[in-house]
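Only one chain comes next, encoded as structure tokens, the form predicted alone.
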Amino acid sequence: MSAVADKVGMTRRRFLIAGSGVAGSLVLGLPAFAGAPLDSDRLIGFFVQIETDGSVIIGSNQPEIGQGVRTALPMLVAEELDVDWSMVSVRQMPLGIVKTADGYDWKYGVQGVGGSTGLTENFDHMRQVGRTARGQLIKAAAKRLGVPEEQCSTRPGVVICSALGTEIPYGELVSEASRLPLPAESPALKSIDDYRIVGSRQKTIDARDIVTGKTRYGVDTVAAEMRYAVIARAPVLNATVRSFDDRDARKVAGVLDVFEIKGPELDAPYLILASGVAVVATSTWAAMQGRDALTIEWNESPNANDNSQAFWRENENALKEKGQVVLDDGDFDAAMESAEKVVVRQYRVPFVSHAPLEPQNCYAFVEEDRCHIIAPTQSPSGSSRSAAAVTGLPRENIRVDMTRVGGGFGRRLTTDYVAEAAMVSKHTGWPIKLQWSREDDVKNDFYRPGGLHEMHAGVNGNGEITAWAQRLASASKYYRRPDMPDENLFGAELYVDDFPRRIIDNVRMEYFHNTIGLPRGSWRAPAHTANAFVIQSFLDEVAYETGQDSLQLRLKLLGEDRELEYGGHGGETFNPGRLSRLLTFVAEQIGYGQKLQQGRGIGIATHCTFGGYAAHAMEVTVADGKLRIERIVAAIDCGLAVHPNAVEAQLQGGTIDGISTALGLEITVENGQVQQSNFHDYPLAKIAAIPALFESHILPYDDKPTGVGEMGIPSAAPALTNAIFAATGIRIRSLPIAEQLES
């Protein structure tokens, strides 16, 4: 997007238009283009459409990946519009971009979900749309009744004029309202005290469709004349095709075409992940059978000797040297020199895969002058860019439709699978549905970066931490990003404004980059998942080594409510007192500090992620090397919980994801090949691993919401491993836990 797109959030109010849609309905929103008629063929973004029967259709411009934004954003409109939630339905908007003199701009507002921004970036505007629509209906009623607008108000679905004792249903006013000019300024919004939809437990808009199988995911896409494709990708990182024999593949019934797919140049930015051979057929099964029949010779890769053992040795050796100092507050060396006690520990966080339930897939139909993409994506704009790069078509000629996503977790921020589908369609001229298998998905991912963290703390005679250092040797997520200088690689792995900056005076961060050939990318809360495990584990160790209670040490550091400057993603300030409140709450709920029987322990952890705050307390037992989680207490502070059902679900899901990952997940490499392939060797936690005693709490803070898609995961793993130490005295410093307790 151009720089202009960044300004859309400040200027879209002026572009609101109103008019009459199909069958006389009132439509309010953004025009697809200047002067566009208001009908269903000219999609109106950020819109509300009120029908003559009083029912309301609200447009959702954001991808739905399970975070509940498809319900939460329309709730904001419905609240200010003042309608019953039962009268609302939701329409998914496509990607909306328009060519401008400066590049491309948004039609329907910023579209894309990642970093827990889907709600926060649209919070004000969606409420304004609903309030403006209500104002138009009030204006229409006042004009009909011949009274000042101030004498009219609303209750759900009805305009009321108390002075005349009259009420008019919205549906009877839409025709008149559609012809009225919009106000020059946005009307005043409701007070949070008057909310009856926002902040209350409303039904998820498509929950019934999901559980009854009506919801359509990308994998469900079917179109006329569609063919099916799979790709045999290089098994060795960065290998290329030398030659292939497709004679047996072409003998498979249904196979239509076989051809080479060229991957990116070595060390170049990724458009797709790997070189390979595409097989196109009349069904996915036939394409897979044809792929199995291929004989492919691969050129030797420069990454053919990559292996996990060497990666970790290289990280250990790097930490013996001096790295790139990316933060150096205060006088760290002097503070360490004068410390009464120095604690040093190392923690290992592995590569992991996203493993969404729905493997990657994409429908693409590339024609001479246009292209149609249907994809489960977190980044419809990225899908547009990928398709444009492959086809050479202008982006305004590429339509991108979003399906519901069967698991995102950051994987679908990248759009390599869209580029692949467009490549295949362009080559064949057919509409193509590209399908990945589970094995394709596990072996070809933008993995969460692995890294070795070395932590240092200097503690004075009063038990106060006076110096703190985090030294990290890792594979940066920013590897092979376009126009990314080496000196900025640390930025994806060390968040310099995170705890304990501005809490401890003397803080140093140091970075070492390891260039292993594994692709890496954003994995649910990116570096927060690694750093929370490391920091919350280390705080427990410092408390233990200095004879302090781990809860009290944290509370003393965090202190009371105060706003600290914060330059990272999620807000301009960080309030450590909000973490204190959550930590105190979960500790009290679980009975922290009580005397427990041998082999039983309680662990706590807390973390701020993208402007939201969360804490976990877990109680576990360990007997004969077997771990059992007895109880979980999780709490979240997301400011205002717009859609509490979704907030609670995200807190629960994040907690489970954090536990599952900590228990058994790791991606390893041998001879340049990813060793894991499916859930038998990449084992997600089974339902029995999660206890029935699982409490999730929402602690509201103010009237400013934060996203919640990632807040629930970072503090889960350290709460678990801290509980294991409390139960056994065994400190987990290397994830996953796996069989460490058995030995």
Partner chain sequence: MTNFTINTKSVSFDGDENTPLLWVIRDALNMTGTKFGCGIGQCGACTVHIDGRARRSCITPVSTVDGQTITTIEGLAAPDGELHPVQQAWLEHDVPQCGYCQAGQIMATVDFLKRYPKPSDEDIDNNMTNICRCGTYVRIRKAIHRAAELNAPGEDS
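No experiment lies behind these values; they were computed from the predicted model shown. Numbering follows the first chain given and starts at 1.
The form predicted in complex with its partner chain exists for this protein as well; it is not shown, and the discussion that follows is about that form.
K.L.:
May I ask whether R216, F409 and G653 all come within 4.5 angstroms of its partner chain in the predicted bound form, judged by heavy atoms?
P.N.:
Yes.
K.L.:
Look up in the predicted bound form whether R438 has a non-hydrogen atom within 4.5 angstroms of its partner chain, and give yes or no.
P.N.:
Yes, R438 sits close enough to its partner chain in the predicted bound form that at least one of its heavy atoms falls within 4.5 Å.
K.L.:
Would you classify T284 as touching its partner chain in the predicted bound form, given a 4.5 Å non-hydrogen atom cut-off?
P.N.:
T284: contacts its partner chain in the predicted bound form.
K.L.:
Indicate whether its partner chain has at least one heavy atom within 4.5 Å of a heavy atom of W523 in the predicted bound form.
P.N.:
Yes, contact at 4.5 Å.
K.L.:
According to a 4.5 angstroms non-hydrogen atom cut-off, is E358 in contact with its partner chain in the predicted bound form?
P.N.:
Within the cut-off, so yes.
K.L.:
Choose one stretch from 239-247, 147-155, 101-109, 197-205: the one whose residues place a heavy atom within 4.5 angstroms of its partner chain in the predicted bound form.
P.N.:
One stretch meets the cut-off, namely 197-205.
K.L.:
May I ask you to choose, among T428, T515, N645, Q548, the residue with a heavy atom within 4.5 Å of its partner chain in the predicted bound form?
P.N.:
The residue in contact is N645.
K.L.:
Only one of A389, I210, I160, A142 gets a heavy atom within 4.5 Å of its partner chain in the predicted bound form. Which one?
P.N.:
The residue in contact is I210.
K.L.:
So which bits of 673-712 sit within 4.5 Å of its partner chain in the predicted bound form, heavy atoms only?
P.N.:
Sequence-ordered list: N678, F679, H680, L684, A685, K686, I687, A688, I690, P691, A692, F694.
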